[in-house]
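Next up: a single chain in structure tokens, the form predicted on its own.
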């Protein structure tokens, strides 16, 4: 029997003071395929109760902990319990709830990075493989239609053999020291116990690498990193640059900074092959520039029913050309593709190939390995040669 209903979602984290929780809820709700029905929104039961009430949830499904949520949801009839959980906690509270969700039979959408450590990521990957359940990791930026178009142009040979990849993510929000009371996000993201071994590189450097590998279709082979901790009293990196070597010989440069004073979030990628190059940036997310030698630049524009776009770009576009779609829509594309794939799975049908294009466990593993290797390289002096006259 076909399953024509909304998917039921539970949320872990995303309570008072959370930025990303609200983003996940908007993204999940955008296409009308998912309904938030339960949650454990904070490690503080009172805050969880407040959050659940503000979201108009039934009192019986506002939980004091994720352990309680899994236990009580699993006991509900199959036509009432949650189908999946969205986990939007700080990095140190990714591994345990994700493993428990999977072992209790619930599919998972998890905010990136995958875990606190690479060892945890490998353990989690085993559980995902053992359970066979669906897992989505929200590397937001590969959800943009024109990023998907860029990937298709590379894969269909428009750029030829890839030679060079430049990716940069400048932010300025950590340009000065702030207390946790002033900025909860800054508090946990600069704390090794909650963020992990990397700061800026774990937070946004992983996004940049994910974008570089996704668009170019290349896998990172080796790297050389220079990480900086700019402000005194700060433990983790807040700035860095990484030289990249990809399998097959292409090279690249990755820049990520959270002390680029005045910068917002203009993630940008440039890819150059032996036939053409392309350029995309988040501040003009609807445009993709393709540069051919001895020809004028081509500007591809996002929009529904644009005849020259690939099926992947069109499947992730909601509005006519000229109506901007941005960060929230890109986020929602991951949720929609996950939801469509999960609904197909529940119905015993095959999902469309475009629906399967969302970040998953391999992206998570590669991100955590990147963090570990970047920090190791950043701490090494062997890569530098002293300049002498």
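Predicted model only: the values in this text are computed from it and were never measured. Residue numbers count along the first chain shown, from 1.
Unshown form predicted together with a further copy of the same chain; subsequent notes refer to it.
K.L.:
Taking 4.5 angstroms as the cut-off for heavy atoms, does residue 282 touch a further copy of the same chain in the predicted bound form?
P.N.:
The answer is yes: residue 282 has a heavy atom within 4.5 Å of a further copy of the same chain.
K.L.:
Examine residue 348 and determine whether its closest non-hydrogen atom to a further copy of the same chain in the predicted bound form is within 4.5 angstroms.
P.N.:
Residue-level check for residue 348: no, no contact with a further copy of the same chain.
K.L.:
According to a 4.5 angstroms non-hydrogen atom cut-off, is residue 33 in contact with a further copy of the same chain in the predicted bound form?
P.N.:
Residue 33: contacts a further copy of the same chain in the predicted bound form.
K.L.:
Even though a further copy of the same chain is not shown here, does residue 243 get within 4.5 Å of it in the predicted bound form, heavy atoms only?
P.N.:
Yes, residue 243 lies within 4.5 Å of a further copy of the same chain in the predicted bound form.
K.L.:
Please state whether every one of the three residues 192, 219 and 314 places a non-hydrogen atom within 4.5 angstroms of a further copy of the same chain in the predicted bound form.
P.N.:
Per the other structure, none of 192, 219 and 314 touch a further copy of the same chain.
K.L.:
Quick one: find which of 260-268, 80-88, 67-75, 129-137 has residues within 4.5 Å of a further copy of the same chain in the predicted bound form by heavy atom distance.
P.N.:
Looking at the other structure, the answer is 260-268.
K.L.:
Could you pull out the residues of 287-326 that have any heavy atom within 4.5 Å of a further copy of the same chain in the predicted bound form?
P.N.:
Heavy-atom contacts within 4.5 Å come from 291, 293, 294, 295, 296, 297, 298, 299, 300, 301, 307, 308, 318, 319, 320, 321, 322, 323, 324, 325, 326.
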